[in-house]
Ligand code: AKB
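Next comes just one chain, in structure tokens: the form predicted on its own.
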């Protein structure tokens, strides 16, 4: 008899770390963790099995399919935004091809054990493409169905994968007839910029805010790559993890969408600078605009409408701008650097 498990791809990322810890703490689930690299030692005790491998390796996925009975898939593996711009073909292969492979795995699993497989997909505000800064300044909050014209390969990948998920969930072959649920219960979330007190920023397009915070706490100068007035939505990593768990545990009958906007707060780069300089008087923060990265961020919304998430599954962030700093970011990042 096959073992019943949850499969998490991209397990070595911080969302993967937080998700694995939270799933074990809340539900005591059997987790299979898949990542390109060997699973980090701190999460190894929390998983049933760790697998170092590639989501493009169909032989590996066939092996996983044969060995386990999978009830849920959290597909976190991806080639992220900045790198995707330099390697668009590789980004498409990983982000789209890998997602298609995992959706097919979900289909095979659903057919095997006769129940739909829940499938979580982390999307992004990169799916949006506002045509001009003038239009962006006139918009208040963007709804999920507005301005879905991405200007980056990463955004194109994410938007297409959302459509793939909707297709597999709503239109692909069903378990027996049309009166029964689909093979895949696809649930997606468009994350804003994520800020962590644990993980050092890795140069992503939305990382100007966390880079600034980490630099100021270490008393390092920071030259921000966007204009001071640049504004996008953000949320903390703990809120991101909690939002995933809440969406995945919501009754399917409550959900009116396949993919939801989600956010914590919206703030400009100069608001982050002012905050850090109010805490650290020696914070040396300057601005030198990188035109390519600036144009990308300008195409993203200053804020998003997450009222559907609030209505359908009760979403409310715990962290807003002020208490994110006071209760989480400042004490957490100081502890991270031993200060």
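A quick note: this is a predicted structure, and the numbers were derived from the prediction, not measured. Positions refer to the first chain, counted from 1.
Not pictured, yet referred to below: the form predicted together with ligand AKB.
Novice: Exactly one of 213, 125, 161, 262 has a non-hydrogen atom within 4.5 Å of ligand AKB in the model of the complex; which residue is it?
Specialist: Answer to the contact question: 125.
Novice: Can you pick out, from 76, 96, 80, 248, the residue that has a heavy atom within 4.5 Å of ligand AKB in the model of the complex?
Specialist: Comparing distances to ligand AKB in the model of the complex, the residue within 4.5 Å is 80.
Novice: Using a 4.5 Å heavy atom cut-off, indicate which stretch of 101-109, 253-261, 138-146, 80-88 touches ligand AKB in the model of the complex.
Specialist: Among the listed stretches, the partner-contacting one is 80-88.
Novice: Answer for residue 188 alone: is it within 4.5 Å of ligand AKB in the model of the complex, judged on heavy atom distances?
Specialist: Residue 188: no contact with ligand AKB in the model of the complex.
Novice: Heavy atoms within 4.5 Å of ligand AKB in the model of the complex: does residue 165 have any?
Specialist: Contact with ligand AKB, no.
Novice: I'd like to know whether residue 205 contacts ligand AKB in the model of the complex, with contact meaning heavy atoms within 4.5 angstroms.
Specialist: Residue 205: yes, in contact with ligand AKB in the model of the complex.
Novice: Please determine whether residue 121 contacts ligand AKB in the model of the complex, using a 4.5 Å cut-off between heavy atoms.
Specialist: No, residue 121 is distant from the partner.
Novice: Which residues from 289-317 come close to ligand AKB in the model of the complex, meaning a heavy atom within 4.5 Å?
Specialist: Just 300.
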